[in-house]
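Shown below, as structure tokens, is a lone chain in the form predicted alone; questions about how it binds or moves come after it.
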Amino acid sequence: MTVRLIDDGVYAEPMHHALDQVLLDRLDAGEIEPTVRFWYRSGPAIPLGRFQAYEDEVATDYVEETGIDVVRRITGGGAMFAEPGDIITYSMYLREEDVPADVEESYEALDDWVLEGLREVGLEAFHEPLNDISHPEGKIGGSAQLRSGDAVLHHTTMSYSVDIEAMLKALRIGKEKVSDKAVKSAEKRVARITDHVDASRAEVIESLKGAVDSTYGAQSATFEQETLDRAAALAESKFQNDTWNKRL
């Protein structure tokens, strides 16, 4: 299997989620080849898990005051806090036949190239079932999947240098106030790449791209205009709307 590698385009959060849906659908329809893409956000966001209740997970007053985009994913899992330069997000769009049928096995298999890329920059990283990428001092990132027809979406967000205090303000994590104790507690659970290696975010992404190529064989690609047009329409009709984002 050879994959297309897309590593460009800065978009708002709704557009990224629309791209996930459109690329998954187009792969299922046989219109595109398997693809890996890295996300570049235009502003801070909270990707909310598909089955999470908006007001249970998000500090609503804070996110509205600060203009943080809250967008419900098409995959399950938990809410995440994402600022453009502080996290690394990528999506994989693969044929079902190229992904292990067992869900737990598939998460581990699709983490292999990521671990290779992280270790190449000196980060001690390992897969932790079911769907985490971890360091001995905490969780680096988490993955989620959606299987649709003959296609699989697998996407992951990892902490490069997440602002723990801002994260605690944006997410409704228990009833604990944002205190020094709360920040220290969260720091023990979240491992930031910058806490352990000196590589820049761009250097980490380059290492990950190299690992994609060595694992699958990668060809540099860009978005087709049809993909962008369909995603823009879907972002407007679905992922920018409270009907979808606040439906639970």
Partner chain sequence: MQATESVKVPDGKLVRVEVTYDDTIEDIEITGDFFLEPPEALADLEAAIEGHPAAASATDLETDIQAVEADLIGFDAADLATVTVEALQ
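These numbers were taken from a predicted model, which means no experiment stands behind them. Positions refer to the first chain, counted from 1.
Below, we refer to the form predicted together with its partner chain, which is not included among the displayed structures.
- Note on the interface: of 216 to 224, 203 to 211, 50 to 58, 30 to 38, the segment with non-hydrogen atoms within 4.5 angstroms of its partner chain in the model of the complex is 50 to 58.
- Its partner chain in the model of the complex comes within 4.5 Å of no heavy atom belonging to residue 106.
- Shown alone here, residue 157 lies farther than 4.5 Å from its partner chain in the model of the complex, counting heavy atoms only.
- At the 4.5 Å threshold, heavy atoms of residue 5 stay clear of its partner chain in the model of the complex, well away from it.
- Though the partner is left out of this view, residue 82 does not reach within 4.5 Å of its partner chain in the model of the complex, counting heavy atoms only.
- Interface residue among 127, 119, 95, 147 relative to its partner chain in the model of the complex, by the heavy atom within 4.5 Å criterion: 147.
- Contact annotation for 58 to 91: residues with any non-hydrogen atom within 4.5 angstroms of its partner chain in the model of the complex are 76, 77, 78, listed in sequence order.
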